[in-house]
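One chain follows as structure tokens, the form predicted on its own.
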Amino acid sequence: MVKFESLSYIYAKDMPYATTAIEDIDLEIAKGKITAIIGKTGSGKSTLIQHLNALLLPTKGKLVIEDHVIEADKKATDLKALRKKVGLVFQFSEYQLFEETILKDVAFGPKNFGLSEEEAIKKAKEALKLVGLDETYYTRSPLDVSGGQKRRAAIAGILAIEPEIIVLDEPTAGLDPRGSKEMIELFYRLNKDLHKTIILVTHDNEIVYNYADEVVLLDKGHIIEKKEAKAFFEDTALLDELDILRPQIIALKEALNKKGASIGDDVHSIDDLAKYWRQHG
């Protein structure tokens, strides 16, 4: 369980150019779910998630992650254990690769958390397999593979420390459509098969609609809405009010309903729509 309680963060606090990035955030994120955090650029999404492994510490309020409590004006403790529990994958995470081979890079995290060389290598190989990089990549330089493969290697470095919570900041940024689909399906499998809690920052509403369990909308540092993802996008009046771009299937259903169809909220995909059409003609 992750819980923000009246949490605020001010950049350059007590300086003339101080800026409040997020303010009075009250939010509970369910364990074992995929939660998407959306909002316009500058809404506070990245600031919010950087609190999850104490890269930023609250100016006000507190954050509870299982048995870890981070509170404003109190020294944060046991950060190494927290950062093992919460793996943060930055946007363009491949820029974090630095070792001479991919295997060494992925093994760095487990070694840093106290595993022996042999154990770290074992964890690294397991993580590389999870992201679809086989043994032919072990001795290759991170500089000698494609952008998508670099992204996978960087993510493997997070998975190798076996976090319970994986936090993703725009994980599909810069990838082509096929690479984006493969990347998000990787995290979907980690959630469904290994029961990892996934917290996802994205501008891609197709990803949110098709993969997320819940959606949290931020605007100007405040939570505007928190809702089950499918219900959020089916509420077209709310989408209009908040100026949220519709996923393609929602836009298609709206267009067809305006032509006289009666397609309900239980139709969530093209396959569902095809089934509806076969039944109703």
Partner chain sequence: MAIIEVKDLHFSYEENIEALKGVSFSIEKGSYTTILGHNGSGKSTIAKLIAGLLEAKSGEIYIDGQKLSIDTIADIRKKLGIVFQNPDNQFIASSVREDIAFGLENYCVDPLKMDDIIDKYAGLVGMKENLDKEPSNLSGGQKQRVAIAGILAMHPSIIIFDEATSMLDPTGKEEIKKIIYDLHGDDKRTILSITHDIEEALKSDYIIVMNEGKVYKCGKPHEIFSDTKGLRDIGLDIPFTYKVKEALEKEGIKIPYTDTIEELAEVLWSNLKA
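Between two forms, the rigid core is defined as the largest C-alpha subset superposing within 1.5 Å. Positions refer to the first chain, counted from 1. All figures in this text were calculated on a predicted structure; none of them were measured in a lab.
One more form of this protein, predicted in complex with its partner chain, exists but is not displayed; see below.
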Is residue 203 one of the residues lying within 4.5 Å of its partner chain in the predicted bound form, judged by heavy atom distances? yes
Is there a heavy atom of residue 177 no more than 4.5 Å from a heavy atom of its partner chain in the predicted bound form? yes
Even though its partner chain is not shown here, does residue 274 get within 4.5 Å of it in the predicted bound form, heavy atoms only? yes
Does any part of residue 255 reach within 4.5 Å of its partner chain in the predicted bound form? Heavy atoms only, please. yes
Among the candidate stretches 26 to 34, 215 to 223, 243 to 251, 66 to 74, which one is within 4.5 Å of its partner chain in the predicted bound form when only heavy atoms are counted? 243 to 251
Rigid core fitted, is the C-alpha displacement of residue 16 between this form and the one not shown 2 Å or more? no
